[in-house]
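Taking the form predicted alone, here's one chain by itself in structure tokens.
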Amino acid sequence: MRPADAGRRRWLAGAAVLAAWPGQALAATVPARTIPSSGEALPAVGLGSWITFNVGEDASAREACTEVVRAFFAAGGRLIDSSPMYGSSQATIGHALARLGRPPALFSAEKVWIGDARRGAAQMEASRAFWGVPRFDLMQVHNLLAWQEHLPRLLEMKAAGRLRYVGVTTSEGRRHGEIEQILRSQPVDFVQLSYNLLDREAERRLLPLAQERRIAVIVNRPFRQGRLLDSLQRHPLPGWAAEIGCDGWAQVALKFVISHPAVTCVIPATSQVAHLRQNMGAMQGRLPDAALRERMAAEVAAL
């Protein structure tokens, strides 16, 4: 089966779940994004796990995270992202997936994060065991650590069918010059970077370059690790928020991100079902056009 065919089947499975979710209307959803290298469809909002899923052996906290994952799939979600850097998050995800019967819609996004590239294969195998998946959909070199050594291995694994996609990541606006070099010279499928209403450096070169090179974009830190929302919650929603179907600042922030034409998926992290549902609600209703995007960014910067 071709990757695009498999992707369409998995997307239809996720859409069927969304259609059954109370209160949701498929006709009102943001169109699915496609991975340029394959044509596979992905919902525009995924799920991150940095900090929020690092709950150790706390049984009640693990179950709370399981409920978040349950709500994520029920709302039509697919892409879950983690890393060995994220403490017990991988084990928490694996616990949730096992409890939920290994949802077939899952798009698993992991990272290799180790300076000694000779130990990269063992780290990735340990991550796979935590998740309990036969293989990862996407493996990314986390924050470019030893990328010159890791990336050739990942490309070999993809060629052998042990991965479906390969990517690189950065966070907090770091090392954009090196990311640009990689996007121009390496056959990666994905790049993950930070982008939000206030941190817009990626708009200058990386997002246009990703479009040009047909590379999918995952956006991290859309809420600045919660600090952006904490500051915005003190202010009433602007009138234009209702025009694009937003019932809270989280949806405003997410709609700004996913309305950029280069963005494939944004990965907000949460450990609360109510917040997860708000985040997934960003896939409902209209997206802002270019003029409203500029107005949104200007008004938020002025608050």
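Numbers for residues come from their place in the sequence shown, where the first is 1. Predicted model only: the values in this text are computed from it and were never measured.
There is also a form predicted together with a small molecule; it is not shown, and the following applies to it.
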| query | finding |
| --- | --- |
| L145, heavy atom within 4.5 angstroms of the small molecule in the predicted complex | no |
| Exercise: R213 in contact with the small molecule in the predicted complex, heavy atom 4.5 Å | no |
| Contact test in the predicted complex: W240 vs the small molecule, heavy atoms, 4.5 Å | no |
| In the predicted complex, T264 touching the small molecule (heavy atom, 4.5 Å) | no |
| Partner-facing stretch of 177 to 185, 216 to 224, 117 to 125, 157 to 165, counted where any non-hydrogen atom is within 4.5 angstroms of the small molecule in the predicted complex | 216 to 224 |
